[in-house]
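Here we start with a single chain on its own, the form predicted on its own, put down as structure tokens.
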């Protein structure tokens, strides 16, 4: 008889409380996988989403005869980040880990290259976007497989009614469900005019300018829209450029129409702004809309997720990918790779998307048209354009294309939003640029 017991440890924000869920199966050596495998996965915020990933992993484990232990580790309180750092230092820990955006490059020397599985996956599932390649491939080596779980676009989520009433913009007509966008007129100038109109109508856009990721990601999209780079791909500091000056000038005008306390906002603030009914637009994945479905259904019925406005350099959307990675000190690298391949199959990815209510975004080109995004409601089709099915915009991350070590510091220190706030509050443009340049020079010395 096959004995299975389930044991899963869940790390919560305040304590590392443990509960059980071990997926076990008999040990039989196969061509690909064998033995035991320990996983450290991102603890999903969507209720029930972890159960789907657990069921998929159990399906794989039963087939491959591998005994699997799953730890779902929250990103709250930096628990996941701290776990990764501790394991990297100790050279001991999980065989497979979830790492967000900059972390694969940070731990490049300790991760197993996965070109042998990524190249066939790309051939089978279609290309990945440039941001995934920038973050996940270093020196020609793929350091991880882009994870469906947790990957997200932080584009606009607008109130249909408020945008019509105050800005005269029909976001459903501009981004019709089931059809390509009709958004040529959706420019940064139109975005600014809409922000002004909604602010005067008592429902300002909720775009944070703190130093946490939501604020940084929004700033990154606007800077990219002007072609504004703080550091170029060669590692040259390019802060004192006309494009950076144009981005700051635009942001100064935009900030006049945002809530006064946006410099103090964290990643929960924009969600609360939308769910409260006060906001006409935020930049976020569908988490705020999902909470509104539960807590403020009348707000949710008026929400529409769509593409960002275009600027002189193009149309950009913030994309934050997760990766599945395995340490080079892992005792079961073959099994880890086998599981990554299984979770990257179309059937697996679609089940994960369904379980997350459309929040999770696979990075492969052929996985952007699952029916979930067309069917999610209310209103039906509200998430159709969330996965960028028509390649309407370039998926980007703030601080790219800087070398990873410098880009990560620009991102985590919130240099872009800090520049915006300093300039808005009256600091001279050149003084703001000097400050940013000196900060970046400091990163380069470290």
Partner chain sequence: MADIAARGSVAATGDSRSSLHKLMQRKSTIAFLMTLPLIVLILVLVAYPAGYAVYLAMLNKGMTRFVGFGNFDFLFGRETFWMVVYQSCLFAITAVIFKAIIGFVVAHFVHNIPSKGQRKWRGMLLVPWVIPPAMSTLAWLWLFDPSYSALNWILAGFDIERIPWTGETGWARFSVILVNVWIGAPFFMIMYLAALKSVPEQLYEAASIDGAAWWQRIWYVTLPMMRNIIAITALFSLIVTFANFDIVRILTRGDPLNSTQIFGTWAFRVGIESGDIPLGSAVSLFMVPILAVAATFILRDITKRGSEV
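Residue numbers count along the first chain shown, from 1. Since the model is a prediction, treat every value here as computed from it, not as a measurement.
What comes next is about the form predicted together with its partner chain, which does not appear here.
With the partner left out here, if you bring back its partner chain in the model of the complex, are 172, 341 and 346 all within 4.5 Å of it by some heavy atom?
No.
With the partner removed from view, which of 206 to 214, 118 to 126, 241 to 249, 221 to 229 is the stretch that lies within 4.5 Å of its partner chain in the model of the complex, judged by heavy atom distances?
Looking at the other structure, the answer is 206 to 214.
Select from the listed residues 165, 89, 369, 328 the one whose heavy atoms reach within 4.5 Å of its partner chain in the model of the complex.
Among 165, 89, 369, 328, a heavy atom within 4.5 Å of its partner chain in the model of the complex occurs only for 89.
By the heavy atom within 4.5 Å rule, which residue out of 52, 394, 409, 69 makes contact with its partner chain in the model of the complex?
The residue in contact is 409.
With the partner left out here, check for me: in the model of the complex, does some heavy atom of residue 186 sit within 4.5 Å of its partner chain?
Result no; residue 186 lies far from its partner chain in the model of the complex.
Taking its partner chain as it sits in the model of the complex, is residue 421 in contact with it (heavy atom to heavy atom, 4.5 Å or less)?
Output for residue 421 is yes: heavy atoms within 4.5 Å of its partner chain.
Just to confirm, residue 273 within 4.5 Å of its partner chain in the model of the complex by heavy atoms?
Contact with its partner chain, yes.
Is the gap between residue 38 and its partner chain in the model of the complex 4.5 Å or less for some heavy atom pair?
No, residue 38 stays farther than 4.5 Å from its partner chain in the model of the complex.
Given a 4.5 Å distance limit between heavy atoms, list every residue of 231 to 269 close to its partner chain in the model of the complex, or none if there are none.
Sequence-ordered list: 260, 261, 263, 264, 265, 266.
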